[in-house]
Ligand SMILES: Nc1nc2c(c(=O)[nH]1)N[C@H]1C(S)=C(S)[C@@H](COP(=O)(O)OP(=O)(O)OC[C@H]3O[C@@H](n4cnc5c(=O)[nH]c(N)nc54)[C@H](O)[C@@H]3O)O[C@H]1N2
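Just the one chain here, the form predicted alone, laid out as structure tokens.
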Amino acid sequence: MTDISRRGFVKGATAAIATGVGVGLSNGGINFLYPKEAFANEDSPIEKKYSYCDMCNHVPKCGIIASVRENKIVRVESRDKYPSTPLCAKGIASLQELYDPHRLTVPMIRTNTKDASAAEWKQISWDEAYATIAEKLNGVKQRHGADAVLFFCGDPKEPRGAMQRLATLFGSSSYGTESSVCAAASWMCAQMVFGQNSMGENPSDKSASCLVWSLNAAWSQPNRYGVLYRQKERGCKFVVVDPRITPTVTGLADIHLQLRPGSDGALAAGFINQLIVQDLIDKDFVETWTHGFEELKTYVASFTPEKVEEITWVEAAKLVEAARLIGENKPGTLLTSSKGGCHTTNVGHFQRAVFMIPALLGNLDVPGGLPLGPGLPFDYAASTKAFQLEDVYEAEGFQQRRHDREDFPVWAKYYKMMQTVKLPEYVEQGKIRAGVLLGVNSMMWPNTPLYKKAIRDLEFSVAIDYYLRPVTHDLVDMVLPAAMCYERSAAFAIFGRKIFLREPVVTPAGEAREDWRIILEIGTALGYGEQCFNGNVDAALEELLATTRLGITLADLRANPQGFEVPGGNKDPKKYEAGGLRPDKQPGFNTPTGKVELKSRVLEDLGFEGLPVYEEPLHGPLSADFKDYPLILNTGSRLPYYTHSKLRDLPWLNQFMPEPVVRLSPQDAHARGLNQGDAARVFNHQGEVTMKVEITNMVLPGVVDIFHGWQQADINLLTTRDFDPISGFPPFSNGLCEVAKV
């Protein structure tokens, strides 16, 4: 059990400060001192309260026991008998974020124009803030229509249900989330193949194998890695696909397929080819329950091990062996991620091919395989379609007015959220003129300056955040202070059929308010008081629960602090045989053909190739600019102590990587005269950043690995806007660059 006291925590933070590793809002050193309000009398009684952590961007919601004295948390512990545990370094450091003296705790409005080099701010009241927001947004709506206002949720994901409800009430189809460059490409590809969102599933005690495609759980999801390692010890076989030699590779992989970034589609096609050639597929399942097998078989026939090696750099013999290992050890499961291959120009095809692998092996919805079937009627952010008013969205023709409908028709078919990667174009064309921006970072998109200009050019924008972040907030008109994890309730944590209610552990700092309350109060100010419950979060959550039709109330959840188990659920295998996967209750899968679609009917109907065709990156080893920029730029992976750009101000975490680094192989470093710790320029035709060199065998020769989110070295300055036409996703993982000593 992790047990961190205030005294030990402060000692750790003080030690970090003494070594000069604290990083402040301006990316320089700061004196990180706790305000006196953070400390409690040690003689006062302690109350234990339950919560869950959100430091990893909404998931995995690891359980916390908080020891509270005088409305102050003095200790955090991992929660026993909870589905996601133990706490990692980020969860332990959550206290340092909670009591960070640099937090934003009052509403602020800009006092100078947005063409100034830096914003100037003054404090205002919440009433003044809401009145201004209502005046500005309703004014834009009156002049340009409701769709000209963007309602956007970044980090955290929890308020998505409330924000989508607000956007629909306002009449705007311009609702977006950070999933438009994160996980949603994987979900969409799974839907196209077998009709259900998925990023895979952990192996169970009945799983004989697991294919892990571009997921480094040891760093990004340490709680999950523990589960995987226990299955490894039990005897489960693992094939891990990753361009790097990660801790997940060294800890789990029986076979590691170390591919060139951006070549995932060729590797997936070659993998499928080997399953067919080696006679490993489930012929009965394929014949009965798949659509397009013969066409797929013909297409992948050219992806021989030798051709795949030429394209991907994966040894032919390893591919043959990996297919045999997964094919002979059934049932097996699959794990993918929102990283790696998702961030390529070929993701809409390649990721479908990956999801076809368990289908071809007959591993769908069998014990030990990839489970399918309707769970509780909540979405990824613990909301429901009914609460989000999706019936209103459909009835009033929002879909036909969407700005992204022509740019990304497949995305628009599957999601009620706008694909935001063309925000600069929509602002320049006058389609988007104002925004409510919750947890938004201007560096999250490719070619950052274009998005910074787009946000700056909005007639009015209000941000909701924990801090004043100049990189984004210098571009907006108002910033509202959000309550942090321990200070808010919504939304629920859901594991299978078990629901956990999180309630505030302490009161919010200063005038901060929880995201749900802020959104509902904005809605009330805009004239939708009844539909926004006049800002009452409990009333909104009661309505959300009512829309599930499960007969659950907040009282039920409060009466069960160790989780409320919803009765029922269909755990039968092969539910597709009995109509358990389709809304019409007919046998089959929830796809246009009623089968696993190896050739997508949706894509064909929208003018795309239905087979999972492989295409080279626009900027890769075969492109003309490779001679000038001969290193593949692989960015965007996670670290065990940061989540995207978050948490870099916390000394307890910042000490592990206080500065941005570029990772190169020894061969590439030697060829450029680079030594460990050198300052180096990383550049391409779009720009350059300066980072410290880290020489490691972790990365392939010819590839550099860079973590994103550093304001002083924003790697997305170098990312091109070559969007996958199916998902709209940018190529964070397969660009080109060169590295040279400063």
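Here the structure is a predicted model, which is why all the values come from computation and not from measurement. Note that residue numbering begins at 1 and tracks the sequence as displayed.
Form predicted in complex with the named molecule: not shown, discussed below.
Picking from 123 to 131, 633 to 641, 539 to 547, 273 to 281 the stretch near the named molecule in the predicted bound form, with a 4.5 Å limit on heavy atoms, gives 633 to 641. Mapping the unseen interface onto this chain, I715 counts among the residues with a heavy atom inside 4.5 Å of the named molecule in the predicted bound form. Proximity of F707 to the named molecule in the predicted bound form falls within the 4.5 Å heavy atom cutoff. Within this chain, E597 is remote from the site of the named molecule in the predicted bound form, having no heavy atom within 4.5 Å. When the named molecule is considered in the predicted bound form, K90 lines it closely, a heavy atom lying within 4.5 Å.
Of the listed positions (H619, H403, R469, K237), a single one reaches within 4.5 angstroms of the named molecule by any non-hydrogen atom in the predicted bound form, namely R469. Taking a 4.5 Å heavy atom cutoff to the named molecule in the predicted bound form, the contact residue among D477, D668, D515, D649 is D515. Contact annotation for 162 to 185: residues with any non-hydrogen atom within 4.5 angstroms of the named molecule in the predicted bound form are E178, V181, C182, listed in sequence order.
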